[in-house]
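The data below hold one chain only, encoded as structure tokens and taken in the form predicted on its own.
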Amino acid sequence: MKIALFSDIHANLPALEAFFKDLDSRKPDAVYCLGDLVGYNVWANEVVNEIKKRGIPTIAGNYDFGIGRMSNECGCAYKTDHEKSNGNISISYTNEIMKPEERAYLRTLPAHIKVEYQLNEDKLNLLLVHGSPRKINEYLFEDREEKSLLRIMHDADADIMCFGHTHKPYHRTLQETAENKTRHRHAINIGSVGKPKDGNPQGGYVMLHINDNSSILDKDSIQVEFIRFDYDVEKAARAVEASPLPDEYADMLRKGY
């Protein structure tokens, strides 16, 4: 089974359209969106409607949660006063442009999606979250201590945990030994479609491969494919520059930071 997972579009319609074009060529068996449809660009309503039109199961990102409730707080961890000031402009602008029906959709998105497989007499739980199972806006960076990451996944009963929020893709395989058996848990950050922060301006998403022989006892029986695609970055950047949003957000798109 090929499962496409994408996240953090952030109102970037050119990136979303290019993503769908790439996705359709790969013919996945299932598609899930891990949230943050809006914020930081001008096409918030259009992005929501494209997701709705395709009927894609979607969870709430921290930005969706805030805008859905017309809050002035997006749950973003801005590091400086300058970042916070820019963020406040983005939140205010997004709240101004959101239409009632699209806002209502954001407000009703679920927090998590869990998919349970029964393969080879093993239970294999796939958990989809935005930040972490504990908090919608918790950042799980690649350098998170292994003990901490294992505890989070163990408490959530997640064999495969997919998440976004940091906009930086990675895959870590974690080992746990009990009753003379070594099981493997997979922590997968799926990156960002519309606002990558790993130095690569291309949009990104993940294709997760679960086969009929996939098992928690065999770490190589689950494959994670990181996919990057081109889109019209200039169109997205110029839209930012023509809006009340900070021009710095355009630079971020062009340079992928």
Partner chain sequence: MNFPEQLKYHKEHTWLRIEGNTGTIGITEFAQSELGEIVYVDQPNIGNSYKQDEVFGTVEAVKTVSDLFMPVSGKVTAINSGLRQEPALVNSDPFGEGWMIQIELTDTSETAKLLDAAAYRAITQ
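Residue numbers count along the first chain shown, from 1. This structure is a prediction, so every number in the text was calculated from the model and none was measured.
Keep in mind that the form predicted in complex with its partner chain is not shown, yet the notes after this line are about it.
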Point to revise | Which of 147 to 155, 81 to 89, 180 to 188, 101 to 109 lines the interface with its partner chain in the model of the complex (heavy atom within 4.5 Å) | key: 147 to 155
Review point. Would N95 count as a contact of its partner chain in the model of the complex, using a 4.5 angstroms cut-off between non-hydrogen atoms?
Key: no
Exercise for review: Considering only heavy atoms, tell me if R134 and its partner chain come within 4.5 Å of each other in the model of the complex.
Suggested key: yes
